[in-house]
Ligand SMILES: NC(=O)c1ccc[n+]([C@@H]2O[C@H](COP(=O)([O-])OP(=O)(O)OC[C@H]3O[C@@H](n4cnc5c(N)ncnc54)[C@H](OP(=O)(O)O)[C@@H]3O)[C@@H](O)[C@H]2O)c1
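Given next, in structure tokens, is a single chain: the form predicted alone.
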């Protein structure tokens, strides 16, 4: 098995690379630009623009992957709303180029997607629930899923996930858990939405599920998330209480009071029974993950 990882400079990509190095699995890690992950050996890294067909062809000829693990995406929901063209180039056209290259090699194609493919009116969701995207970002992920779902080629898996958190190196964006922990330590006043419900996902658990999907050559759609669904407000409260920080400065607000460009689904969350049964997925609790973050 030779795994081609896209988006290796991102949080999930870094966790996947770390686990592949530890297990001594053969892999090639790719991201746009230079390698920003010290855990990734230089010999295993290649720069790759997933929207460039020539670069993709070169990488596939060089690496000869049997598995493609695609974590690369434009994931800033509001940025996607403001720039639909680039959102679709990266999240749909780029995926199509990778998928076509994988098909030519008969490689197992594993694609990361999101809870935002749902409208949040009937969560938590199972894999077969009807999708109804509310934003440009969400639509791009639905369309990228459809490239696989509607293809005659069936050697693929879609892993949908929710609010991935953890620590990484040189990341372009933080995540809500690290942001809230830092802000609470500084005693800042936080206004947090209490009407959006999610199941935050420990990045290490998601990375394990990605690799396990490759190892088992699992096919189809899998929901991969943390074990609990709760409001963003409750998440920040639990972070504060876990670290013994004051939660007095956390103020609940409605999503309607925010000036977010993109509409968010009110309540998602996943039923992860399929992933547990098929992959052996067993995510840790939010408190167990918080204990693993550096203090």
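All figures in this text were calculated on a predicted structure; none of them were measured in a lab. Residue numbers count along the first chain shown, from 1.
This protein has a second form, the form predicted together with the named molecule, left out of what is shown; the following refers to that one.
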Flag residue 137 as yes or no: does it have a non-hydrogen atom within 4.5 angstroms of any non-hydrogen atom of the named molecule in the predicted complex?
yes
With the partner left out of view, is residue 231 within 4.5 angstroms of the named molecule in the predicted complex by any non-hydrogen atom?
no
Since only the chain is shown here, I'm wondering whether residue 189 would be in contact with the named molecule in the predicted complex (any heavy atom pair within 4.5 Å).
no
Would you please decide whether residue 155 lies within 4.5 angstroms of the named molecule in the predicted complex, comparing each non-hydrogen atom pair?
no
Quick one: in the predicted complex, does every one of 7, 31 and 49 get a heavy atom within 4.5 Å of the named molecule?
yes
From 209, 102, 180, 112: within 4.5 Å of the named molecule in the predicted complex by heavy atoms is 112
Any idea which of 189-197, 214-222, 123-131, 71-79 reaches within 4.5 Å of the named molecule in the predicted complex, heavy atoms considered?
71-79
At 4.5 Å, heavy atom to heavy atom, what parts of 150-166 sit next to the named molecule in the predicted complex? List them in sequence order, or say none.
161, 162, 163, 164
